[in-house]
Ligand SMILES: Nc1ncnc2c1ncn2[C@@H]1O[C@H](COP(=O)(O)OP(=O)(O)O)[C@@H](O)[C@H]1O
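What follows is one chain in structure tokens, specifically the form predicted on its own.
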Amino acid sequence: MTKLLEVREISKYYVHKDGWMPGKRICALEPLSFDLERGETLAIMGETGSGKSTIAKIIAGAERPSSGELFLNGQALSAMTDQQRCRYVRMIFQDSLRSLNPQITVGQQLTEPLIFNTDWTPEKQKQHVYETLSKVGLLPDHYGFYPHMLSSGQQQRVCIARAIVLEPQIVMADEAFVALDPSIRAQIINLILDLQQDMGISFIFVSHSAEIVKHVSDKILIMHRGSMIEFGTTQALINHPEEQLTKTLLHSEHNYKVPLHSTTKE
């Protein structure tokens, strides 16, 4: 596998002001480094407020790091235009319905990224949207649907279609499947695995679910209070965790079971 993403000593600090008092510097993310290979899936786990979503936002470009640098295929992400970064790194959000525009059709929402990031003709854009809908298990008819006309599972499939429509190299998913019914969740996770196999996309999951993480991830990064406390292959962290928090997160009895098919990772 080829090294795709290199994260080097990224950190994030915020300044909290309280009235007239000088701002207090708060550390949301202490400097950390890790790599992601092409075609790999990385899971980021941790307690609420541990900094895992901050990492996801920095990689996706929604937040800028206070220090450090990220490299994609050896090129600094900070040197890329927003248009370039948008093509390479895409995100699936937690609330599928709220992340979709209720006033425009599915087809229009999938076409928008193509308008801004390609020079394709309208006919080629429409054909590509049809093909993308098919990849996520939707029909050409769904092109003209509005989000409220779809089930929650179909809405999530539209969000996945929007994430892959530009054929990115990395897709981020920040607790994207937590609100779904367990049976629908299993279908969506299996869809993600199929897309990864077909398109060679690398995925980064922020998740609380040990069951999902064990089945889909190649590597796991454990966060605690803004610090990376453990990072390694999934099997190594499941079988030989060094930190008690890792053991707790990966062997929690409260994690739901997900019936996944044979494309799951070994």
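Just so it is clear, the structure is predicted and the values come from calculations on it, not from any experiment. The numbering used is simple: start at 1 and walk along the sequence shown.
Omitted from view is the form predicted in complex with the ligand, to which the following refers.
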In the predicted bound form, segment of 194-202, 211-219, 65-73, 42-50 with a heavy atom within 4.5 Å of the ligand
42-50
Would T234 show up as a contact with the ligand in the predicted bound form if we use heavy atoms at 4.5 Å?
no
The ligand contact at A28 in the predicted bound form, heavy atom, 4.5 Å:
yes
Answer yes if any heavy atom of T54 is within 4.5 Å of a heavy atom of the ligand in the predicted bound form; otherwise answer no.
yes
Give a yes/no on whether H16 approaches the ligand to within 4.5 Å in the predicted bound form, heavy atoms considered.
yes
